[in-house]
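Before any questions on binding or motion, here is one chain by itself as structure tokens, the form predicted alone.
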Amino acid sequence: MVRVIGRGMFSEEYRGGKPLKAVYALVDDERVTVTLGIQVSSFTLNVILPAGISFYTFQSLAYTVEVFRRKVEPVERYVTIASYLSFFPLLVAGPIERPTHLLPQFLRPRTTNRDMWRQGIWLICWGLFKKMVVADNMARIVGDVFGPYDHLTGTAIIPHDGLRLLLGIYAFALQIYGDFSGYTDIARGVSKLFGFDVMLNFKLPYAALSPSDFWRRWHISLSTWLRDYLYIPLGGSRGGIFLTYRNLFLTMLLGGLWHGASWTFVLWGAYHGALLIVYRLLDLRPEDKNYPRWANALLWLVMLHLTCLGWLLFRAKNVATIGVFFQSILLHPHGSPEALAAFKSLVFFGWLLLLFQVVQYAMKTLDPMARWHWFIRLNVWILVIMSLLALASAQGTEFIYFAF
């Protein structure tokens, strides 16, 4: 039996004329009354996570495959394997942990020390800064730029201030990085407080010099998962040049589809697969070769904008939007008062993150705080905390990767 109340719909199972349970399919109303007499708000339903979310599924598949390959001994205790698969800091947006790394930590006593607490608390605060100060404020710029085209179905008027649209792409690059890496930092920080060491998921991705270098730095847990459980089983680079390129392309294409059943995600995956192939064809491997500094700087600038082009494909809700952005940026690369305002906001909310990333790159460490004098650390802490209190967006947004 299916009953419809307003715009919400749920199904009921009966036995002996009495309802046993109600399963929700869609809830649009503020409050829905269940036949059992229990009222559940839409807020409560939004908190409940589906059991088949992708990060949970990928982690389960990794365990199954590694047990099959006899690289991991099957765990007999249900509580242990359930704790590993549903470890709460990682459950909704990763990283996608491997059983060879995280599972043994559930099988031995864990201890914490002063250094783990220092790192954990810093990662939590820095992750909150990335999300609440950088990503959420960038979301306003991105919404203003992309929003008018999110439901575009036909032709649209091409804006004559292409610089504003370009700044919108830059803002989304900062938004998605601050949003996703911010969550990862928080997850890693919370894990450290419990005595767990969670894998690194981001390593200065916008410092990449090539597509392969980018995927060694961005969403490392997913890229290595796709490599080990998709690319290599397809044949990897063992079947000759053509099959290697085919395997690369299919891996990235399926990686795009993992993000959603949309043509823009398909294009995004295909685009990154094509980039990997082109760089291999040109034998551009700056991470493995010693190029002059000016060549590395040029390769970095090119890769940064190739990455941002990919973010345009990722953020666009439809293919028509991509055409509008291309035409506006290439044919009308002009500014406007709105473009100037977007630029000021981008710099104001993003400068500290960018500066810190430059320092991390220059010092060749992701934890420069450990090397600084206590007075410098104190001032960085004050700046981060005051930014959270004063600059955090009042209209917080959901983490982007909650949708995947």
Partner chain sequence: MRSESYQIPPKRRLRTLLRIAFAVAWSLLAGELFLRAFAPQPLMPRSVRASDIGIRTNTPSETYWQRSTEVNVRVHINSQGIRADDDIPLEKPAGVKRIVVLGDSYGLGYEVDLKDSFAMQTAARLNAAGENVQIVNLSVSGFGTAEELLTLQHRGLAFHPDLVLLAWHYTDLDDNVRSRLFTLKDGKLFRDQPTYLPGVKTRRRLERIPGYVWMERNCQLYSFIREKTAGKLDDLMPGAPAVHAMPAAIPIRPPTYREQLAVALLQSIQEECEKNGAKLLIFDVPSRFSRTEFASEFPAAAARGLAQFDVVSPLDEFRTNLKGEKLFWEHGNGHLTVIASHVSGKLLADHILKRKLLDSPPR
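Every value quoted in this text rests on a predicted model; they were computed, and no experiment measured them. Positions refer to the first chain, counted from 1.
Below, we turn to the form predicted in complex with the partner chain, even though it does not appear here.
Put simply, L378 is close to the partner chain in the predicted complex: some heavy atom of it is within 4.5 Å. Residue contact with the partner chain in the predicted complex: S393 places no heavy atom within 4.5 Å of it. Shown alone here, W374 lies within 4.5 Å of the partner chain in the predicted complex, counting heavy atoms only. Using a 4.5 angstroms threshold between heavy atoms, W351 counts as touching the partner chain in the predicted complex.
Contacts to the partner chain in the predicted complex (heavy atom within 4.5 Å) from stretch 371-389: W374, F375, L378, N379, I382, L383, M386, S387, L389.
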